[in-house]
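Two forms, one protein chain; structure tokens for each follow separately as structure 1 and structure 2.
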Structure 1
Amino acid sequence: MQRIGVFVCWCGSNIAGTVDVAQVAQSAAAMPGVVYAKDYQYMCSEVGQNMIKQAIAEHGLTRVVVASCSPRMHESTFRKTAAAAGLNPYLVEVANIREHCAWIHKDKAEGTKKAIALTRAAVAKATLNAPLVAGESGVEKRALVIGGGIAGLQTALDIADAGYAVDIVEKSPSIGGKMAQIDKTFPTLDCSACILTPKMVDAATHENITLYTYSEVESVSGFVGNFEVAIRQKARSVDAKKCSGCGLCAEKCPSRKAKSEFDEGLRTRGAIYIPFPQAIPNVPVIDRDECTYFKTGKCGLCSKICPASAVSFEQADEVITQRYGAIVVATGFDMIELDKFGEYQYGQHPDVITSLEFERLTNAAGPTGGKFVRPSDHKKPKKVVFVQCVGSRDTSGRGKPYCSKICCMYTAKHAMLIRDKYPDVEASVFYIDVRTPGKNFDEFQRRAVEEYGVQYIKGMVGKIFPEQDKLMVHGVDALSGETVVIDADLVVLASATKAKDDAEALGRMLSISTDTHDFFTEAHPKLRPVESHTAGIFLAGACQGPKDIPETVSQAGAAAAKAIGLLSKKKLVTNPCVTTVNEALCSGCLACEKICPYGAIAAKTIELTNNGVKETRVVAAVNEALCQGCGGCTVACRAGAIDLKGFTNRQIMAEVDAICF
């Protein structure tokens, strides 16, 4: 007969406000197998933990049930408490009476009744709990960073500076990301390239960092501390070891019809090109869809004039397989397409541009050499209108319902840059609300109004009509209720940010979850903000949600610290709550193999002797190092041959029976 102790936590008023904890403890004392029951204000506190240790010693407890908050919060706390008292930590059961009772019920009697039922279920399961022993696994002392923007670069540099090898995988031909496209940064208005380029150079020259540009992650397998990743390095058609970066090939390429991705399509580039002057690596890449040689077999001028004979049309993709102890996802964000916002004339009139296109027009390395002019006639505009929240906070279904967070600040920056360069240009901003949640952000936005004379109009633009060489912007001033019409020369749309188009596919590959908007989901928004739900995989930057540069760099450092903490360990403790297969019952259908998201189940051939005759048959086998204990296979098993340690079918049914008691 088990000797069970039940400990009911008040959690201050979180639980005690809606649940009669004294009644729960009193009811628990009468449950089968319970020899001790106690309630206390904060069971997770040092006093509460000492109370559990003392009770284990004095009452000879063989099982412990804690009725408190979610096991995600403090299960590890109470397991360590039990271990310190000499009890196997997996003989501790947590009944969640905060989230499941106190936080969802207003009626105290109803909440108390449910709390008693959940505690009774936990006691029933605890009676059947068996001691489990965690195993150990090694740690590969190498990290993978997916994404070479500012988040990925900062993460990689921090990990590399700690003495660990790091690989950066970047889909584009160069590292740098969105920040490389930006002219100035808020709230200091310092040059974006001036602060980014040193980071790029540091990453390229760091002895512990390897760059895989123009590359993608093709497959991921393994588990925390021992991931195996296949990286496809796409063919540049240029030998990086031979290339000197002279740029002669890009200069002489006769095919110049492709739109430059880096310049947001505002100018064309050659079929062989270097994305931007500070690109790292400074090695051209051939766009085979645009190259005349790859389309017709003719031309080949770049190969003929290359002084280093670096052009290699025969170059093929290369797949590199590497093992990693930790993975950091820093894939960044994109801007939404504006084809559903026809009222703004974007894509129909050349003088309606996006904020990112504005950045390229004002950049000294941009398509106009930093000379700010209208795309239509290359003349200086006299009136510029900025429209905020284009696709952000949109409930119509055309855009995104969330706030993109950075738009208010970069719009103020854009208006200030125009007024600083051309004081005679009128700048107006249509806005819903001004949101400036950052250090010195509010002062920065107020400077745009008070110092630079930017006119802010609270209201949205309803329609833009082209009229001769003007853009008639029709909006409403929400403060006065009056209709506003501005004859603008240029309109800049602050379009919403979104997750990368391939984020969901990458999430499936890494076994990490995404939210309804395809941003990667953190394990806990407060306590584990840079960790994913899959152990060993961390998040950095705007792949998790809209962020500015300071916040991105801060999170990158945090993700790096978590990765370093993991890589510094000699051994990792594995989860003992893994599935087991009863080979005598297994039919070999392998439905479990198909459903396992971690690739932990595979076929195994066993030999049997039946009436003196040897025969072989196929059964399922579980790799306990890969198994994460999700329990999906136990549901899929038609023969009932699979069970999950710590959550066996018998234990689950005991809980159900106890709740229905």
Structure 2
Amino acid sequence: MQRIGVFVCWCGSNIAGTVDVAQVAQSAAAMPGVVYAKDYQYMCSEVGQNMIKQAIAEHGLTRVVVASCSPRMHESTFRKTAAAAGLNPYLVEVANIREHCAWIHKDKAEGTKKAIALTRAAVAKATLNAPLVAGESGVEKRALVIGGGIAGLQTALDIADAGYAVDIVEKSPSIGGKMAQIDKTFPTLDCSACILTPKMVDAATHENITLYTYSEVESVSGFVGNFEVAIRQKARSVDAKKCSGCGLCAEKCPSRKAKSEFDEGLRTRGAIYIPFPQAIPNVPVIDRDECTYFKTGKCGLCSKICPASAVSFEQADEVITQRYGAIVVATGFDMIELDKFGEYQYGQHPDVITSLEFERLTNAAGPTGGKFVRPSDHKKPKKVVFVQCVGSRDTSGRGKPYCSKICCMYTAKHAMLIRDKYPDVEASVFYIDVRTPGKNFDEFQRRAVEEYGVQYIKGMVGKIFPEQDKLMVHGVDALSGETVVIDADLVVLASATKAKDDAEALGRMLSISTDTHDFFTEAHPKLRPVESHTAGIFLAGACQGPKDIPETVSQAGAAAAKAIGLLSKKKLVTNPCVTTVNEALCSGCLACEKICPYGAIAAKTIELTNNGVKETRVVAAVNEALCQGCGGCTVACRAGAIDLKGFTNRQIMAEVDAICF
């Protein structure tokens, strides 16, 4: 028989106002197994806690029930109290008589009755509580960063600087991401490459950082502190060890049809190519879908001319398996397709371009060598029209309902840069609202209007008609109530941002959740913005939601800090409320294994003697380090062979019985 102590808290008048606490204590004293019952004003106070400790010692209590506020509030407090008195902390149960009782009922008799019932349930459960010991698991001192854009680079550098090994997995042939494509950055207008390239070099040369470019995460298993990740390094068809990066192959490659991803398709590249001059690693890659050798078996020119004989057509994908303590997801974003916005003529007319294409067009290293000309006839435009919110804040289904956040600023930047370099070019911006919250952001946008004379028009563009060599942009000035038309030479569309197409698939692989737009969800929108719901996996940058560079970098730093905090731990305490298998009852049907979201259950073969006959039998076995204690398997198990510690079938049934008493 257990010796149970019940402690009823007044919580000042919070509970005592609607519950007769003395009567609860009195009724509790008569419950089976209860040897001590007491009420006190504040059980969580030092005096209250001492009262519990003293009672444990004096009355030899084997179980403690505290009837007080929600266990979400003070369960850990009372567990520590019990532990201090030498009792296993998991022998404590909390009856929630504040949030679930005192605060919702007005009638004292009714409240008291319910408080007694809840206490009875807690006593019944506590009777069946078993001492539990939290397990420990080690921490692999290595972090994985998925994505080699500015978010991933910053995270990796911060973690590496703290002294931990970091691997960066980047899908494309070079690190750098979207920021490498950008010409200038707002609101300071420094050159994007000038501030990014040093970071890329830092990452490439850092002794603690390993780069896996042209690679993808193939599978993830394990748990916080002990993830096991398989990384597929796609075949570059060039031996990185031999290659000197001279670029001769890319220059001589006769296949010239492929569109350069880096230049947003504004120019072509060879089948063997280096994505951009500052690419890291500076090793070309063969696009096997474009390469004549891979398509027909003929050519092989690159291989013949390579002075280092680095070209290797036989190279195959390689799968690298590595263990990590923490994972940071920094996969970034993309721009939406504009095929549903026919009225803007994008894709129909070469002089209607997206903002990212505009970045390449004005970049000194871009397809025009920095010369500001329009794509159709390479003439310098006289009038440029910018359209904001192309697909952003759109609930009609053509675009995305959210604000893409960065377009107001980069459009102001584009317009300002044009006016700065070419005062003879007119720039107009169609906008719905201008949103510039950020340090020096509004000043920046106002400067575009006030100093650079950019024409801001509140309103949208309804349609664009090409007329001779002009684009007639028909819009509205909503403020003056006039319809407007501009004979533009170039139209730049600020298309909405979106999550990466494969974000949801990656989320599933990592078992982290995504929102309706496939951005990864943070554990708490305010208080845990860089953690995912899965312990040990953190989020950085625009994969979590639209972000500009300063925000991305600060989130990357925050994610790094969280990862460092995790990696610096010697041991992680695991949740002791995990499932266990009673092998004698287990039939080995593995229904439990099939529904476990953590892969914590596996088959195990045991040998046993059944009535003198030797048998081998398959049973389920739980990896306690992987189990998170949801208990779903316990229901899948018909025989009740698998049970959840802390929430056993018997315990919950005892609660049901006590409530229905």
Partner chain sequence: MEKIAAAVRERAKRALATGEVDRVFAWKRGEFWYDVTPAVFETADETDELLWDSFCVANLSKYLTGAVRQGFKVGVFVKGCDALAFNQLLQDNRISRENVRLFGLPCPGMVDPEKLKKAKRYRGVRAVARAGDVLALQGKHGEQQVEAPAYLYDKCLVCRHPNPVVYDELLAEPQPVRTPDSDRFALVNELEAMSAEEKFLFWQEQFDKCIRCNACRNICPACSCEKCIFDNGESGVAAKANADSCEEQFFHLIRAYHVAGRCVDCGECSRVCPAGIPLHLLNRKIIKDIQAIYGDYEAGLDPNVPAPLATYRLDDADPFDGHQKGGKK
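For clarity, a rigid core is taken as the largest C-alpha set superposing within 1.5 Å between two forms. Residue positions are counted from 1 along structure 1's sequence. Please read all numbers here as calculations on a predicted model, not as lab measurements.
Where the criterion is the form predicted on its own, structure 1 meets it and its counterpart does not. The two forms, fitted on the rigid core, differ between structures 1 and 2 by 2 Å or more at the CA of V123. M460 is not among the residues whose C-alpha shifts by 2 Å or more between structures 1 and 2 once the rigid core is aligned; its shift stays under 2 Å. Taking 2 Å as the criterion, Q154 does not count as shifted between structures 1 and 2: its C-alpha moves by less than this amount when the rigid core is aligned. Here the rigid core is superposed, and Q26 then shows its C-alpha moved by 13.8 angstrom between structures 1 and 2.
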